[in-house]
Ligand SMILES: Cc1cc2nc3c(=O)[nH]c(=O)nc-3n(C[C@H](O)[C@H](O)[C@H](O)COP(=O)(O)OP(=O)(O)OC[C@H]3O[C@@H](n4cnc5c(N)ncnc54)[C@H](O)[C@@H]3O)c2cc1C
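The chain below stands alone and is given as structure tokens, in the form predicted alone.
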């Protein structure tokens, strides 16, 4: 169905698009797909000469494909994969086969895809923890079952008396009351507690608890003992691979395969994608968004503008402040987007050898960690609070080429090292801050490599090339404010109808015909696609005169 607001015009230098989307990250491409499949003429403009935002694969060393920002696939919504037929466009997800936490005393804790194998390995370290493992998995799944349906729903505005908002508030109340008093109290408690406290209720072994904290602190400016990190764990646990809830995997060909499949699907639906087209300003005339102005001065007109940039970049960098309410700008400035992560991508001349692991262990075909206690992870966070990178960093390290041979030449390997903690600014004296320098970046990379060498002697001699990325590089190259990989922290005060700011959680900007579809919006960050899909649903709903009934929406737009 074409946009009923006005007929589409032929493509020309002064054409008016039905929609222009700023940023070819995965959420922008998801929104673009749904709009194009609903008959709109859609243009996506991307500042870089490559697409994907943080979900990108690049050859930065001959013969090696790097997932040089996001590095694993789990959260991407299966509904979107089906709707957009992404497997037909080349997307294939390969599940992990194992994992390991290396201990300082030379031992290790393994993880396996098989549930019973996991129980036996946990029992090797703590029979009590093995008995509690099923209870932990059951309780976490109960929390997950409550949250997962909310991912693909637009949050209600609790201050609104519109029928749709009241209906959605009633839905949330029914879901919550159906839990029962005890379970509801447990749910609220879970959302607000630290992952350290939560794990203490189930487990005693320090190494096991350290492994379980991985998803709770990934990408967040919090430590394992900080309140709210239990919810971050749940956020990462809500994905699935091949129907296995909480499973993780590699996109064959790197995480750019997700974006390339989305781009192919979009182009197949008649959409247009322009690279090397950085946006300088969102164009507002007569109180409405009417297009964008590129850095070279070119104006692109559109009936609606959709920003896939984060909320700060959209409203503080790319708009005239006189076009926006001052109270709204104040809330945007207060939106927390502190970066906490760094990344190393390493080309290796051969597989690293970890003496702690048995020969042929499947653990190398999953996630590898070198922090064997929650206390060590908390000390790494202490470094971040002090304005320095962690001397003993918390790493989530993987060798995707172990199960995806397309990422490295035969006999060689690609290693991905996601690192906590890495501040967006470094401490400069007692009170000041300073920007990262190239020397700082290199010293940070050395600290990470030195840690790996401690557990894999001879590792340094296998290195062919290293790409080091701090929050400085993530902001400059990908456009993530302060290098925050979620486009804003996933703290309890920045979720649901507070994301990105109260009153603007339904993907609409404060200017008519201006929309948001990035991870700054509900339900948040990760390569999930839900913000992009939800934004598309709201845009199409607005074109239907505010139709709120989901069955009617599916009839009007079968793709949704």
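In this text, all values refer to a predicted model and were calculated from it rather than measured experimentally. Positions refer to the first chain, counted from 1.
A second form of this protein, the form predicted together with the named molecule, is not displayed here; the remarks below concern that form.
A.B. asks: In the predicted complex, does residue 508 come within 4.5 Å of the named molecule, counting heavy atoms only?
C.D. replies: So residue 508 does not count as contacting the named molecule.
A.B. asks: Taking 4.5 angstroms as the cut-off for heavy atoms, does residue 33 touch the named molecule in the predicted complex?
C.D. replies: Because no heavy atom of residue 33 falls inside 4.5 Å of the named molecule in the predicted complex, the answer is no.
A.B. asks: Contact between residue 72 and the named molecule in the predicted complex at 4.5 Å, heavy atoms?
C.D. replies: Residue 72: yes, in contact with the named molecule in the predicted complex.
A.B. asks: For residue 248, is any heavy atom within 4.5 Å of the named molecule in the predicted complex, or not?
C.D. replies: It does: once the named molecule is placed as it appears in the predicted complex, residue 248 has a heavy atom within 4.5 Å of it.
A.B. asks: Quick one: of 261, 474, 380, 210, which gets a non-hydrogen atom within 4.5 angstroms of the named molecule in the predicted complex?
C.D. replies: Filtering the options by heavy-atom distance leaves 474.
A.B. asks: Quick one: from 140, 374, 91, 485, grab the residue that has a heavy atom within 4.5 Å of the named molecule in the predicted complex.
C.D. replies: Checked against the cut-off, the match is 485.
A.B. asks: From the candidate stretches 508 to 516, 22 to 30, 35 to 43, 57 to 65, select the single one in contact with the named molecule in the predicted complex, where contact means a heavy atom within 4.5 Å.
C.D. replies: Heavy-atom contact with the partner occurs in 22 to 30.
A.B. asks: Quick one: name the residues from 518 to 533 with any non-hydrogen atom within 4.5 angstroms of the named molecule in the predicted complex.
C.D. replies: Stretch hits, in order: 518, 519, 525, 526, 527.
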